[in-house]
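First structure 1, then structure 2: two forms of the same chain, each alone, as structure tokens.
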Structure 1
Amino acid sequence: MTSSNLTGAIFSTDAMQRVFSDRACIQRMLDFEAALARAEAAQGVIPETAVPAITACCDAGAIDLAALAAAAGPAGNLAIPLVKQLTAQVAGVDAEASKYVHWGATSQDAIDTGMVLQLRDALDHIDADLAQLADALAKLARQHQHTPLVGRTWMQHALPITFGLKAAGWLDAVLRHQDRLAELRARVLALQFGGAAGTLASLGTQGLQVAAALATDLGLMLPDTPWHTQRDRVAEVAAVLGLLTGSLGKMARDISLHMQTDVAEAGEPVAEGRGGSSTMPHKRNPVGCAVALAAAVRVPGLVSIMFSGMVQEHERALGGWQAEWDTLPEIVQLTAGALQQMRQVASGLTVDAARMRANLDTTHGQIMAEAVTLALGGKIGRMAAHKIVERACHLAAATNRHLREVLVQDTQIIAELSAGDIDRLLDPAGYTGESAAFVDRVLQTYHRRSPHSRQE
């Protein structure tokens, strides 16, 4: 439920650290307690006169966090000592009102609903950053829709693509994650309120009415049943954030590879104190990418904890639920940190189109061997053409010559293709297939999804 450490500024964000701070965690549980008092009073379960004192004391600033932490171990959770402190504070204001603190609820109701309220805040921040990342990627995709780039498979030169297509691929994934995050809200942002065994028996015939009023007060969905040991909701959050972090890691991997000195096709934003080395003044390290990649390494294991914890015992879990308390906030914080870094990287990414074009010539025309093969194959058959062009590629490599030089000297080839044909076939910009069309398709989806978006 909380997270704070010296590396928080690296792997999280200021906003998300506030969402999952110790004080915010306690405040969200107290928000549940205050709303519970209002809902129960409205349904005649507790006296209206008890509400002012209870709600006035539901202030995390008045809670002794150190004492709370010390008592949580023996108690088994934070809610028990929190309710004890809250009751004592209410008693100091109104002894009669203190009788009705936490009336009919159980510890898990306060803890889970508090977590849901934290998740709502967290998802708002993630949605905002994700929208900004989409804007930045859409701009890159449009600007570089026709910028030729080496396409690489198995880490080797394959065929020409465009940098716009690569950016559109990143954007396409982001748009799907926006869909997933929007869809899960209706399932995940749900009240937890079931009392001791999930029956609300302590509230007599008023249980459902109180639950409905409580959900309305907190702005949460009222589920059909309490979900004390049905953990698919929080596991879904973990899973979707795991998917998002994986896509951010993919983007970070691509950009960091483009940043390698020997490739030098793109670079993270340049800023004072960013990406330097403690000993090598020339270094320009992909520090934003490193954060996203670290998150992509850490989050899958944490997601597996959330999945493992779903197998719970009867009406209250022994271990599985408790394993979520620090795990889910860590997933959210790592995702937020990776997302912020990649948003900043994408917004300030430097793209060297000239270097991209130069790298296309690294293999001295061999990157275009497929184009030559297909053109020749149209004359003599694909398999025969493949054998002839493969032989030409091997000869070009062995003699350190450009493929064109070898092709125009091959009698079998020149009998079917003119020197002009070969020059045209060896132009990388003419062999990017449907790259531009794919970019257009992704951008159309982006604009339909984001009608408010700025034109790239």
Structure 2
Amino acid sequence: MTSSNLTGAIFSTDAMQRVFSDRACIQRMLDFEAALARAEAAQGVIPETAVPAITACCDAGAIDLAALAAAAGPAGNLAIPLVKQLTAQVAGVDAEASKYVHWGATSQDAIDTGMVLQLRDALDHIDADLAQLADALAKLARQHQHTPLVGRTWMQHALPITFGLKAAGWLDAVLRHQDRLAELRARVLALQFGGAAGTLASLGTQGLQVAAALATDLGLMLPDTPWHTQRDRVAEVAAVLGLLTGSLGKMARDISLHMQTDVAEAGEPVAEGRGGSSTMPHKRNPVGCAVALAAAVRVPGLVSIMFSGMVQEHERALGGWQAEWDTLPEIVQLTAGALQQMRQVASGLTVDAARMRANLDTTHGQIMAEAVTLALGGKIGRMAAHKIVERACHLAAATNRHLREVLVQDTQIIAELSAGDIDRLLDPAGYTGESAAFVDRVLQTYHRRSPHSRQE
């Protein structure tokens, strides 16, 4: 509604801007009208002779959008003035045929089914990008399965993990989103066709046959009953995309934190005109992450609108339905935009394994205290070990020394552990637990889903 192709260039994708353009929105409604004419003619509801003129005129390129906009305000929706224009166009070709335009249908039938057709296009794009994101993450997970990295909790150094484990965590969520999107299609790609009050009464005894033929023509499911005021189907699209955007936002938050000048462990791919600053040559702005994070701020509120709008009155709603019109396309576009950005970021991510390793030493060995405690505990008991190592840690911190220095001078410790033992225990690569196993598990699931993608 905010009429901006400019911000769309930042937050959406080219493909999605096409899917949800005014022109495409109108075309999808016209696709409904054309299929309706075919289905009704096939069932003998309208004459076969009306079909050619109607289908020929179902071309958004021939619709006067400015006139449509002018009439849409008072009408309260787009379908009423669209059907008027279409009828006039058909009348210009074949006056008799024009009587059968939109026969037995209501505005909501055209608007809802048109939107479902747009959603199908959109979901195809999202599925494709999501598969590529999965591929990129699988590659990162395999490549860095053993690359040590600071594990951070509460934004504090905690214990070593591996960068592969981190990527596997992102991938694990992506795989679940693929499942959700597959389950969703079975519910949302459904025809809406009910006529003025949802009974198809004006089609006499042929309502259901026409509906079935229409669904087949459009490649949509025939629902058990029209769903004009049961909006869980479309609200679910919002919900599943909201979940996906949340996961993309989490990935973007992680990467932008890794990319801080102070951390510098990973970076978005570099490209001309992307994220640089002429006056601050050292800067490398995470523009892809910013888009994903902005989406993660926006989509939750937009999803709540779709959910609030579900409380719809009787057989056609007053407010709740209309609230969907801009909101759902916005959710889809923001999700697709965030997804495209994170796919590009993941595919071209620069990973600085050396810096990751170096940062593990920021705490001068203290991050490895638990490993030393456990090893020592195996010999003298956990509680005793805990006390000794804790004391060593405090001493190291107070005297600003590396923990190793303190440990090798502690007689209680060197009574049990050699300097070599200590060096080994202080090596983060030796204390990553099940990181590699978790990576393997996630990659196995990934391969089961995407058998073609074994190249990682």
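Each form is matched to the other, and the largest set of C-alpha atoms that superpose within 1.5 Å is called the rigid core. All residue numbers here follow the sequence of structure 1, with the first residue given the number 1. Treat the numbers as computed from the prediction; the structure is a model and nothing was measured.
A.B. asks: The same chain appears twice here, once per structure, so which copy is the form predicted alone?
C.D. replies: Looking at both copies of the chain, structure 1 is the one that matches the description.
A.B. asks: For Ala419, does the CA position differ by 2 Å or more between structure 1 and structure 2 when the superposition is done on the rigid core?
C.D. replies: Yes, its C-alpha moves 2 Å or more.
A.B. asks: Look at Gly348 and decide if its Cα position differs by 2 Å or more between structure 1 and structure 2 after superposing on the rigid core.
C.D. replies: It does not, since the Gly348 C-alpha is displaced less than 2 Å between structure 1 and structure 2 after the core fit.
A.B. asks: Work out from C-alpha fits how many degrees the smaller rigid part twists against the larger between structure 1 and structure 2, would you?
C.D. replies: From C-alpha superpositions, the smaller part turns by 11 degrees.
A.B. asks: Where the core is superposed, what shift in Å does the CA of Ala385 undergo between structure 1 and structure 2?
C.D. replies: Comparing between structure 1 and structure 2 after core fitting, Ala385 shifts 3.1 Å at its C-alpha.
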